[in-house]
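A single chain, nothing else alongside it, follows as structure tokens in the form predicted alone.
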Amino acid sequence: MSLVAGPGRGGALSSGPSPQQLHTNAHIRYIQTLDKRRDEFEYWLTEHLRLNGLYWGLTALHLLGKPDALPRAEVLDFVLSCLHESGGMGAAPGHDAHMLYTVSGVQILALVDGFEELEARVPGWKEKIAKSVIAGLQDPATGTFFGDQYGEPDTRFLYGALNALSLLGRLDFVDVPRAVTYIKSCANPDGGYGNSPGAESHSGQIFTCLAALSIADRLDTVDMEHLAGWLSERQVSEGEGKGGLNGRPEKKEDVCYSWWVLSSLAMLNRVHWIDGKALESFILRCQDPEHGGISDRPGDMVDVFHTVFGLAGLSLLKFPGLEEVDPVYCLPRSVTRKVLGK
């Protein structure tokens, strides 16, 4: 899956349907053509995000009700080609393994119901990736997780570890209570969470902490009213970006925060604390009606990253025609119900 931006732009003029409609068919075509743009320089510059991009595109297609729009056999072959000798996965064939790519690989396998098939093709991979790779990256002293063998800690990696291990059914491989203690240490007086103790509150890091706590069944540790207040203040109330959400105070609105903020509010049962119709309008204004795709804000070039998180935000707002998204996993609810059995 290519991370090439464009060719369309959010808010592009069109003689077609109203911009307040979702241009489903255009988005499907846009995602299907992303891997066919190999003659573009940007295709190769974004190779380090190839596996993540496949997860984003495939999730978007599921939410659009077209889970089979990409060939399943080719998807499985590509995931297999990204397996590293360590047991983890890299961004593309020949790349080093990393927690973020490994998690995307596991999520893709959940989307295409590929766990058993990959186990048949690579016996023992499931146990190895869970125990030797993901669990092996937990810091026994603090409970957090590293991205790879070089030892960078981040709550993104902690969440990714619990996400993937729960999908694999192997949370028992790690010290979940210690991980919860670490997340609690990342809480700030403003109600938010940073990527490490003392770090600035940020909507993306809040999502990772809340989602990890949800998987650990420890949302009881959260000051819900205080945090929901901080999150609700992320909505921009005036200007061209009116209705959109930002990641932290005094920053511009961005479609991707339609996911990071709204999913967190969904976990707190506080989605109604923002103006849902205004956010819906903002996301829809970021579509390219002709070429498909969603941009970060009107006038900018579209990409698959903002496309999936824009669609996921609309799903949380219960926009008609979209599949329900799980706010903890950013996967279709139908997939998490099947894999997790709940």
Partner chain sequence: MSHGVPRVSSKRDDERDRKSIDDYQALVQQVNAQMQAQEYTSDTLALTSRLLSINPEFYTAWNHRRKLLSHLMATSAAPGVDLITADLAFLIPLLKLYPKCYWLWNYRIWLLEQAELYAPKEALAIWRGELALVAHMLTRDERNFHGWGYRRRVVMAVERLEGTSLAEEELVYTGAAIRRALQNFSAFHYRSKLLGRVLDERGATDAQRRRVFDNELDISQEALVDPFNQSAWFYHQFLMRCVVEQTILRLTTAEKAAYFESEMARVEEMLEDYDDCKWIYQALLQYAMEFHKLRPEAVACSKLQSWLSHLRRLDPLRAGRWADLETTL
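This one's a predicted model, so the numbers in the text were calculated from it and none came from an experiment. Residue numbers count along the first chain shown, from 1.
The same protein also exists as the form predicted together with the partner chain; that form is not shown, yet it is the one meant from here on.
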Position in contact with the partner chain when the complex is considered in the model of the complex, options L109, A164, V236, L137, heavy atoms within 4.5 Å = V236
query = Among R218, K131, H226, R72, which has at least one heavy atom within 4.5 Å of the partner chain in the model of the complex?
reply = H226
remark   = TL;DR on 168-176, 208-216, 73-81, 246-254: the one with heavy atoms within 4.5 Å of the partner chain in the model of the complex is 246-254
task = May I ask you to check whether E290 falls inside a 4.5 Å heavy atom distance of the partner chain in the model of the complex?
result = no
ask   = Taking the shortest heavy atom distance, is R29 within 4.5 Å of the partner chain in the model of the complex?
value = no
message = Since only the chain is shown here, I'm wondering whether G90 would be in contact with the partner chain in the model of the complex (any heavy atom pair within 4.5 Å).
response = yes
ask   = Heavy atoms within 4.5 Å of the partner chain in the model of the complex: does L100 have any?
value = yes
task = Note that the partner chain is not shown here; using its position in the model of the complex, name the residues of 288-317 with a heavy atom within 4.5 Å of it, in sequence order.
result = D296, R297, G299, D300, M301, V302, D303, F305, H306
